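Shown here is one chain on its own, the form predicted on its own, set out as structure tokens.
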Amino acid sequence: MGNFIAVFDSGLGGISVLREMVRIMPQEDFHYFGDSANAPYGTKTTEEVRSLTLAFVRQFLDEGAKAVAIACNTATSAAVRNLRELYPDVPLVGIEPALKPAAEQHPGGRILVMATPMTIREEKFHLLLSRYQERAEVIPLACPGLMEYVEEGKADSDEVRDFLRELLAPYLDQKLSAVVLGCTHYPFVIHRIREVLGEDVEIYDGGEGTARELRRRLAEAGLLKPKQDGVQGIVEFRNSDPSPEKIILSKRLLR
């Protein structure tokens, strides 16, 4: 068994989850792989996303990964059940929209869930929705095109601000209580979302919860490295898009 954790996403969005993992488990080594050459996953079929995800996870395990994090809501919806059946002994976590804390902290409120079209179509999302729709009014919002701004290094741009103003305009007078970010790319535009919706709307994402769940599973399996003062793990970036700009942007997003 190797000694690194593989973190996988359809592109660069999963770096928002990686940041939480590095913060919570700084002693661990992480290999991050972004499949930007095949992005976006959110507009592909379930079968396409499942096939890509299974192939990459098989590759990570062949390379010696001791654990795998699917840091992509769309890939989690499409493939995590299959992966757990195939690799029952591997600590493996996915991510899902953080609807539970949003609904628990805003009972009776109006909660907007921003996600990719495929995440919203998937049965996994509808099962999640059914568990909390009696506690709050949950509004799913497909956001095709939003993740591409992060992939192109435009998360801080006026373009993404204008895109979000148009996308969120129908919800400005609906007295939203909270917004759930159902794609790991979206935390990189969180300040732009706040610009549009205002500071009173609480925003949730599942990155920290996923990091804590991975730490729990590693500890349970006896695979968690002990923390040592001054010892910092290594973070390695790879991407299916061969352009060096992707790696440069990945490192910038981690910082």
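Don't overthink the numbering: it's just position in the shown sequence, from 1. Keep in mind the model is a prediction, meaning the values are calculated, not measured.
Beyond what is shown, the protein has a form predicted together with a small molecule; the following relates to that form.
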Using the partner position in the predicted complex, report whether Tyr204 sits within 4.5 Å of the small molecule, counting heavy atoms only.
no
Under a 4.5 Å heavy atom criterion, is Phe188 part of the interface with the small molecule in the predicted complex?
no
Can you tell me if Gly34 lies within 4.5 angstroms of the small molecule in the predicted complex, counting non-hydrogen atoms only?
no
Check Val80 for me: does it contact the small molecule in the predicted complex (non-hydrogen atoms, 4.5 angstroms)?
no
In the predicted complex, does each of Val7, Glu28 and Ala69 have a heavy atom within 4.5 Å of the small molecule?
no
Counting only non-hydrogen atoms, which stretch in 230-238, 20-28, 243-251, 7-15 is within 4.5 Å of the small molecule in the predicted complex?
7-15
